[in-house]
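First, one chain by itself: the form predicted alone, in structure tokens.
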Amino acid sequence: MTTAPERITDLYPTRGATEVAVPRQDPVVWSDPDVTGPITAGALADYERDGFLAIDQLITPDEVSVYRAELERIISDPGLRADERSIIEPQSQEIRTVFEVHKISEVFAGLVRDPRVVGRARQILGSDVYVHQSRVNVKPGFGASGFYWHSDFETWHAEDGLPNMRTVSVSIALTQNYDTNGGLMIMPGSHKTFLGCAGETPRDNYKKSLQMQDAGTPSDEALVKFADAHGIKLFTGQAGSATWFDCNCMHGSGDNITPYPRSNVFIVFNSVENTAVEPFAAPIRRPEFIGARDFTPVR
């Protein structure tokens, strides 16, 4: 006699008939207060309150040069351009994003394993971690499009099957982030509320959403309420700076119409105690290069 697998409770319903905001059911910082790590107690408290942590220089200028050279190698590779892990800008036909860079490149694999990077993820999430997603984002000047407002967790829950908010992202700048070239914007404190979006998830939604979001997009009315309640923080900084942010932050970025490119490497760490199950609100899983099913801890 076989038994059916235990069904995991859906704490964050989304993609239904109506848009619904519910309080967060999970901690923001999962480690015990007395656990030491690279993040100070005061900075952890700020992260818990705001949902993000900005670091002026995570990697050195010499390291930035190494990672930028590797980024240029990746986006110049014709074979990778034809790979499904590369997302092409619709208008310019230039590469916008390359996924799974920690598997494509040993250089970026080393960055994932760097104690300055993975150590902070372990401290925030209170456990060993694995890479749920990695990518390089390229925002060349003169018209690269932005990313509309969204919560990453809404997508990762609905389409990848992450049960809980035990996931953290880090965006490491490889170029100068000005206040004009399409930088990251976050609504501080928005991570304390989950916004379940309206509308069903189309099959193979990722093929469209990686170029232009539709499913999982908040309504204008909800965004007005969030912005009025939390405000908007724009992140600027030199190459080598980094921003850690909670998976449920409402965030986005504008178009880059300046002459100055904006590129970054983006790594998503998930707790090994929060591994993906079947999608909560999508007909099929997304490909593994977008939502990993290899839960091997980063060592």
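Residue indices: 1-based, along the sequence shown. A quick note: this is a predicted structure, and the numbers were derived from the prediction, not measured.
Keep in mind that the form predicted in complex with a further copy of the same chain is not shown, yet the notes after this line are about it.
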Name the single residue among Ile257, Ala43, Val272, Ala69 that comes within 4.5 Å of a further copy of the same chain in the predicted complex, judging by heavy atoms.
Ile257
Heavy atom within 4.5 Å of a further copy of the same chain in the predicted complex: which of Phe99, Tyr206, Tyr130, Phe147?
Phe147
4.5 Å heavy atom contact, Gly252 to a further copy of the same chain in the predicted complex:
yes
Is Thr180 part of the interface with a further copy of the same chain in the predicted complex - any heavy atom within 4.5 Å?
yes
In the predicted complex, is there a heavy atom of a further copy of the same chain that lies within 4.5 Å of any heavy atom of Ala109, even though the partner is absent here?
no
Whether Gly143 contacts a further copy of the same chain in the predicted complex should be assessed with a 4.5 Å heavy atom distance threshold; does it?
yes
Which single stretch, out of 229-237, 29-37, 264-272, 54-62, brings residue heavy atoms within 4.5 Å of a further copy of the same chain in the predicted complex?
229-237
